[in-house]
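Given next, in structure tokens, is a single chain: the form predicted on its own.
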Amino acid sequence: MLSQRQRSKLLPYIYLLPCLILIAAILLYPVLVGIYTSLLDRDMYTMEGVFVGLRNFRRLADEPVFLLALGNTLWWTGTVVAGQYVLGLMLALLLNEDVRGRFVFRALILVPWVVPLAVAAVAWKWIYAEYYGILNHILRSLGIIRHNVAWLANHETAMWSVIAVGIWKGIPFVAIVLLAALQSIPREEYEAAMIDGAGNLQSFIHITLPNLRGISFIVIVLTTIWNFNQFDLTHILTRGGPGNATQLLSTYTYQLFFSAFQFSFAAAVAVVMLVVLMCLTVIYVRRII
């Protein structure tokens, strides 16, 4: 028999048990099935699989589209995260100033964040349209371009166009989080620096940045996880084209599974993504605990 103290310690875990079972059924089971599938050579007609071990993973090193998608994913993630952080920090610094109507501006910057990603992607697809898009119309009116540009169909502009939308979508989150951190910095530190003759740049380097170090690390890790796993935006805007110019690991996995019906190989790519995301998640959890 358990003692009263032991039962009291066990009770919270009993209450959590139904939730843990639900999480395991919804999240853990599909992950385990995906890992198991990556070790098979599954037939698309019978769905029967032959165990092949790590053959699908060895094949990744010789697959040019996978290597291209991996490079695109790393470039996309690094560029978008850097753009979101730098522009979000600049916006947070502006909104932290005591200006008239700043509460209205703080509300307006949330618009890109609250708009559903699919809706935002469709809207930007119209904006980027070659013949009827407003972007080409504005640039022609300003004399910046002479002919319409196929932003999403041009190999040189497609990735940058998608990156711009990704940065636009994530700036509000970064700005709001950093703004909250800025408001927690004691004003006395800036006043003391001003008395000592420090300018705005020196105060930013020696006071603002050190106080933002912890929250900045968390923001960067979170946005890295989200952008590395990004699918909706690129799929709706370009579907990985033109010529795999915007192909990410997420869109590549989708195409392998639903278009090429290479279930096991798609599962292997997904497992690679899972490993990377798990490493980032461990870093994040260790930081916040």
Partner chain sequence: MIGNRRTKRLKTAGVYLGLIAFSAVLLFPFLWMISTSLKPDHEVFTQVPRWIPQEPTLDNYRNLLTRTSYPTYFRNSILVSVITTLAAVVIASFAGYSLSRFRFRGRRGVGILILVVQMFPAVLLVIPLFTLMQQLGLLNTHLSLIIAYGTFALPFSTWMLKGYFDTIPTALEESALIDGCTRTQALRQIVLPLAAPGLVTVALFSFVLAWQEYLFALAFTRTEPMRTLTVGLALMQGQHGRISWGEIMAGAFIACIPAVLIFTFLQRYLVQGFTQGAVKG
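Numbering follows the first chain given and starts at 1. By rigid core we mean the largest C-alpha set that fits within 1.5 Å across both forms. On a predicted model such as this, the values are computed, not experimentally measured, just so you know.
One more form of this protein exists, namely the form predicted in complex with its partner chain; it is left out here, but the text below deals with it.
- In summary, among the residues Trp160, Phe204, Trp75, Trp113, the only one with a non-hydrogen atom within 4.5 Å of its partner chain in the model of the complex is Trp113.
- Checked against its partner chain in the model of the complex, the candidates Leu209, Ala180, Ala82, Ala193 yield a single residue with a heavy atom inside 4.5 Å, and that residue is Ala180.
- Remark: Ala198 does not count among the residues lining its partner chain in the model of the complex, judged by a heavy atom distance of 4.5 Å or less.
- Shown alone here, Phe66 lies farther than 4.5 Å from its partner chain in the model of the complex, counting heavy atoms only.
- Taking non-hydrogen atoms only, Gly34 approaches its partner chain to within 4.5 angstroms in the model of the complex.
- Proximity of Gly53 to its partner chain in the model of the complex falls outside the 4.5 Å heavy atom cutoff.
- Taking its partner chain as positioned in the model of the complex, the residues of 86-100 that bring a heavy atom within 4.5 Å of it are, in sequence order, Leu87, Met90, Leu91, Leu94, Leu95, Glu97, Val99, Arg100.
- For Thr37, a C-alpha deviation of 2 angstroms or more is recorded between the shown form and the other one after rigid-core alignment.
- After superposing the rigid core, the Cα of Gln255 is displaced by 2 Å or more between the shown form and the other one.
- Comparing the forms between the shown form and the other one, the C-alpha position of Ser264 differs by 2 angstroms or more, with the core used for superposition.
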